[in-house]
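The data below hold one chain only, encoded as structure tokens and taken in the form predicted on its own.
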């Protein structure tokens, strides 16, 4: 063998050593794989530690190693760690192979002898494979300094402001007429009970007036081309039918418009707006939009009251949608969440029983700018409730709907209990499964609500009904629940029921993920690169996520994640270029038949087709090295760097111990497999 290979086996504390006989694996590699190029084999308690890495560096220099194999944990976790150690030792980092004997061996076996034998086989495969590694260099891609932020909720606003304050340009795209998101609908925020508008509006104004932010509301992204550092994004700016250069935001058009429409979005169906409207008084930008499906002019060709009374002639019924193309280096998705629809749980009575409210409807009731000016009343608009039931976990922690916890429901319900007590003095019942108040000052808020006299019933509500059994239940809503602390069934009559609905992904989350080339979980939340070590990046370089699009979270966590995404983007911009993994697919033009099978299969849209030459070509900056095209090509015209046929077949040879059994070479094995 011409290569000098160093083998390093990690104990990983007891993660590996508790199941695998590490010393035996080391000795076996030193003796049995000596003929396959292994010149040194060592084991260490924690190979990823600084001492473990120094051990590798020292051996590379003293033993003149040309290849390194580390048997430890998943490459996804520490491959970069050991590549860096090799680089410091003077070896090309891509001549290092990391094989997993933790996730693939020790964690999935209980039989020590069998696990030890399997670890030997996995290590043997790594030794055979690494002999065919080639020295590689990272791809360098320049970064455009502008950034696209999609979503104008609190997470998107925070992201945009952080980047803009650093002197970089941001395009902030929001599909609604105004930025602000769900937070703009709230009255108070837990646990401090700050006025939501008071803390959000200054940020909205800053985003709307910042010289480094181009605000594109009433707009949606239609197409994304390019790759990290060089994205070309097409945005549809929908027609407001209002000339924003002439409009002063005086509101006369809204005042004179004769058409009233139920506001299903901002007022959650509890209030009305006009056919020409701004969503709320503090809207940014201040310009209204005309709701074409409900405008009398667009329906019947008559009216035009808004145009007649507009003092600046800003109304333009002929305005058309506009397509805008922008170039950006990075993209941050902060598209938020949708509220679970309680109609899906019919036994809770929402939509059937008048005085059952959703959490968002209650937020609007308590808001001073809401349809009741902050008065907590029943659907009749005047009756103050004497008893209120608040049901936690509606649509959350339920295998029939969403199995996950929505993170905000407990604190939201406690906030509601406080507001009802404060404004009506009513008796309040909170029906909960478990109380989850694990953040700064959250549990203290829970204790405060307890002291205020809120009554807590532990148990999942079975039914909300208006079917009375006793005279005292007449005209009431009855909450049927098993009180698990008291150990009995209870029927509790109340005047109002508030369903604390959970959070779920946006209705178009999967389509959005496809548009930007990222992935969704089984629940349709956007998937991060690593849930603990890289929670804002995605598997598509240059595309980041922030806020509730990645999973349920409260306002502080959304703001923190927005700032974290901004920091990652700014790091890219300040570097001027990004170094990409060189493991990419390549088309051998002479073998390509032009069938285009690979073009349709590539999940990253990284393959171009040249009509003039009738061959495909891989854009290395877009390619993520997944190998789909390599496997699909019927002509074998595509190769994957780091995953050549020779490398894979050699690894199979090592896994089957054929390299030790008869010393056959990989080419001979390939011929045997083909036969």
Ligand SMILES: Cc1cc2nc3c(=O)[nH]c(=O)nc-3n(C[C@H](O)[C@H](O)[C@H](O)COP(=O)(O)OP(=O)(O)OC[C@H]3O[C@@H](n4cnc5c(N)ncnc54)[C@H](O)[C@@H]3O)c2cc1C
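Residue numbers count along the first chain shown, from 1. The structure presented is a predicted model; accordingly, all values stated were derived computationally and were not measured.
As for the form predicted together with the named molecule, it is not shown, yet the points below apply to it.
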property: Shown form pocket vs the named molecule in the model of the complex, superposition, backbone/C-beta distance 2.4 Å; result: open
property: Partner proximity in the model of the complex: residue 370 to the named molecule, non-hydrogen atom cutoff 4.5 Å; result: no
property: Proximity of residue 475 to the named molecule in the model of the complex, heavy atoms at 4.5 Å; result: no
property: The named molecule contact at residue 326 in the model of the complex, heavy atom, 4.5 Å; result: no
property: Contact flag, residue 508 vs the named molecule in the model of the complex, heavy atom cut 4.5 Å; result: yes
property: Options 414 to 422, 450 to 458, 82 to 90, 227 to 235; stretch whose heavy atom lies within 4.5 Å of the named molecule in the model of the complex; result: 414 to 422
property: Contact assignment for the named molecule in the model of the complex, among 428, 101, 565, 173, heavy atom within 4.5 Å; result: 173
property: Single option in 396, 540, 512, 116 placed near the named molecule in the model of the complex, where near means a heavy atom within 4.5 Å; result: 512
property: Contacts with the named molecule in the model of the complex, stretch 317 to 346 (heavy atom within 4.5 Å); result: 334, 335, 336, 337, 339
